[in-house]
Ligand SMILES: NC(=O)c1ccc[n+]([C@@H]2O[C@H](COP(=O)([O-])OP(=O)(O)OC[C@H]3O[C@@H](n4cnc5c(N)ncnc54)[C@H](O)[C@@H]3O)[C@@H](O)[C@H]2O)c1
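A single chain comes next, written as structure tokens; it is the form predicted alone.
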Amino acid sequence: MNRQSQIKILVTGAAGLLGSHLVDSLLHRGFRVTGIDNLSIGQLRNLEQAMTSDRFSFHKIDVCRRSDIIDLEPHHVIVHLAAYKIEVPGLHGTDILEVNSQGTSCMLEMARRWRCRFVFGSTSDVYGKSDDLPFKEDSDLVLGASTVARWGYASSKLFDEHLCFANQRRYGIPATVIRYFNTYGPRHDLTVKSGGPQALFFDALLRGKKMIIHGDGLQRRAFSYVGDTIEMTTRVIERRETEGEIINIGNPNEDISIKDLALLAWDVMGCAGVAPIEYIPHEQFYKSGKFEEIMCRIPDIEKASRLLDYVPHVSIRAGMTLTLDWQRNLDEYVAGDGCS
């Protein structure tokens, strides 16, 4: 029996984009994996492959419900990915702040009970409005005023980062914080609650609608294909030298404006003519008062490449093509739909 089969790993948010791909990766490596998710955003179809393994079990559990979590058997590692993202219509700031803080607190309590490692999925959003590019793990974090709803998500994640390291100092719980930079790919959510621009652009085009861009589309992002992101995440879990570290995970090689990303989506679809794009002000979409955009978000991944011995290699065009191949075959769309 190999060593990995003796190690039990708990993944929260297991039915989401990151969670489901991580579950598959860990099972492929030979680990025993338990996935939990309340399915408020994640979908069970994302775990179809995992469900065929006798080393995987799934529980529909809300990470904020201690009474449900307490009955789980001890694990060696907790990977906490369950969270709500930035406030959008249908997802309130109170839910984001309460679920993200309470969920992390509950899972850290389990880490203390089990005396296990804790790997926390944070976000590049914590760098805020800093113009010290590319963002390094020890860069200053520059958030806006608390009256601007846009910063609630970043604040919740930053609080959780502090909570992880406070537990490490006080209780000796080995903690690692991963700051993810804009992952996309097959199994991404198709709604504004959690779906990134790739998901929403392809969704619009497959339904014969316009791609919606918030603002002028000049904001730039460095996108990471899910295969690269998950390989790096799996190596974080496997390597004890990552304990006590904050690690950027992303692909800095091809940052792109949101406008150009929409044009790329149109091109990858094989469409001709002028791409159907509609620009709307941030305030019109978010409906939460003033909105402050981050105009450029690019990671420095020197630490990740050194500790993990891996660098992202999937190009944005290749990743978008793989994503479209998956998305256009979903039951949500009629065969043949596309360019209008």
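Numbering starts at 1 and follows the sequence shown. Bear in mind the structure is a predicted one, so any value in this text is a computation, not a measurement.
The protein also exists as the form predicted together with the named molecule; that form is not presented, and the subsequent description refers to it.
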Tell me which stretch of 259-267, 149-157, 236-244, 162-170 has a heavy atom within 4.5 angstroms of the named molecule in the predicted complex.
149-157
Is it the case in the predicted complex that 9, 49 and 111 each bring at least one heavy atom within 4.5 Å of the named molecule?
no
Tell me, yes or no, whether residue 39 is in contact with the named molecule in the predicted complex, where a contact means a heavy atom of each within 4.5 Å.
yes
Can you tell me if residue 121 lies within 4.5 angstroms of the named molecule in the predicted complex, counting non-hydrogen atoms only?
yes
Contact label in the predicted complex: residue 304 to the named molecule, heavy atom within 4.5 Å:
no
Is residue 84 a contact residue for the named molecule in the predicted complex, using a 4.5 Å heavy atom cut-off?
yes
Of 211, 99, 175, 77, which residue is found within 4.5 angstroms of the named molecule in the predicted complex when only non-hydrogen atoms are counted?
99
For 46-83: residues with a non-hydrogen atom within 4.5 angstroms of the named molecule in the predicted complex?
61, 62, 63, 64, 81, 82, 83
